[in-house]
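Have a look below at one chain only, the form predicted alone, in structure tokens format.
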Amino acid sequence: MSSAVDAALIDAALILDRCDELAAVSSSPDHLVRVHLSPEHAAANALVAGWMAEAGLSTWQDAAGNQCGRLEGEMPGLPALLLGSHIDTVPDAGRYDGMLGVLLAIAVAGRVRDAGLRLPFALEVVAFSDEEGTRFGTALLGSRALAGTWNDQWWNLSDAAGITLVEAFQDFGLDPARLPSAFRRPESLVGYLEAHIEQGPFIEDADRSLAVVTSIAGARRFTLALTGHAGHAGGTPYDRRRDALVGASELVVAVERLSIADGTIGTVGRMQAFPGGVNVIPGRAEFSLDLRAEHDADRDECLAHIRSAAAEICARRGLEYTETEIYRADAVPCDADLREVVATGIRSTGDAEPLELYSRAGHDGVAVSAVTGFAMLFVRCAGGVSHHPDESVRAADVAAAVVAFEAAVLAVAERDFTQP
């Protein structure tokens, strides 16, 4: 560990304390859940705004509910280097996914302010309001608003209680008509840097603290259904059954087999049988499919193989197959120059040959890439566990991330990204 990392342990301790404080802002007393445009979202924004102000940033909540802060550069009004991550969660979440990146960004802005540095760009920190898509089923709403890629059809999305997105905006005190004011113009930004826990085991397996992200995997999500015919569990012979759940189960196993063979990542996270009686043969089974790969062509080829498997299963079992795509984000490479400044930051911690990884998980950079270049710094997490209360990071790794992230910001200044 370098002396700079040792010195940053104080910052790391504060960041970890603040992660704990944010984790207490939850709609459930038993586990962490904080969704878009909820009272807990408002409370988290207020906490983050206070910490931004302590770091010397001017603060505001934008028209999409993103919490923002700005530290001016050597003169007011310069384009901004954007730093940040998200503060919404999945149900029963860990306390570092997204939140760690927001707090690292605030810490770096505070260190720049305390050092009296006047950068050739402004620093802006953003705590995105909705990366996970937990409430309305569509991810990246906060960052897509910032990037100007909002789809007005999303206003009709509804949550489990039947509240539409437009109603949730209004309940939160936001005016849907003002949403375009959250859009950023390309000329107003220098780039976007995000620090995030890895959400995988590869940094830990390599016995490193940090890694450079090369790209974000392409992902597609579907609702799949197999339809057969319901019948009496006791009275229907096997040779006359059209059991949708058995067929769906066979397809789930095929998803795993084909994903492994094709070098992709396929996951079925939800399944439901209908009509659902314990003594009724299921006439319909609905389930999810999340399919990811480093390259879109590999992902889509695996999807073709899954469809072929579904066709074979349905023909053999007398079933019908349907699919509805509910989400698509194609693979996005990180900006080569910004990747190099992240690598420069990692080298400043004493790691001479930074580890490079592609991100199997999606991140706000997918959306932000529509308006500016981005790069990411990954931080080791214990066992690669994420989206779970057992998420855990080491203080020494967080300290290394503080040093690396600040050094990356300074490297952007040295390379003068403000010039075309």
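These figures come from a predicted structure and were not determined experimentally. In this text, residue numbers run from 1 along the sequence as written. Note that the rigid core is defined as the largest set of C-alphas that superpose within 1.5 Å between two forms.
Same protein, other form: the form predicted together with a further copy of the same chain, not shown, and the subject of what follows.
- Although the partner is absent here, L179 lies well away from a further copy of the same chain in the model of the complex, with no heavy atom inside 4.5 Å.
- Interface residue remark: Q199 is counted as part of the site for a further copy of the same chain in the model of the complex, having a heavy atom within 4.5 Å.
- Although the partner is absent here, D114 is not a contact residue: none of its heavy atoms lies within 4.5 angstroms of a further copy of the same chain in the model of the complex.
- With a 4.5 Å cutoff on heavy atoms, G231 counts as touching a further copy of the same chain in the model of the complex.
- This chain lacks the partner; the member of A310, V90, L224, A168 within 4.5 angstroms of a further copy of the same chain in the model of the complex by a non-hydrogen atom is V90.
- G277 is the sole member of G162, P186, G77, G277 with a non-hydrogen atom lying within 4.5 angstroms of a further copy of the same chain in the model of the complex.
- The candidate site formed by T236, R241 and I265 is fully in contact with a further copy of the same chain in the model of the complex, as each residue has a non-hydrogen atom within 4.5 angstroms of it.
- In summary, the region of this chain contacting a further copy of the same chain in the model of the complex, judged by heavy atoms within 4.5 Å and restricted to 54 to 62, 381 to 389, 349 to 357, 368 to 376, corresponds to 381 to 389.
- The partner is not shown here, but in the model of the complex the stretch 281 to 316 reaches within 4.5 angstroms of a further copy of the same chain through a heavy atom at I281, P282, S288, D290, R292.
- Once you line up the core between the shown form and the other one, the Cα of W155 stays within less than 2 Å of where it was.
- With the core held fixed, the Cα of T227 is displaced between the shown form and the other one by 2 Å or more.
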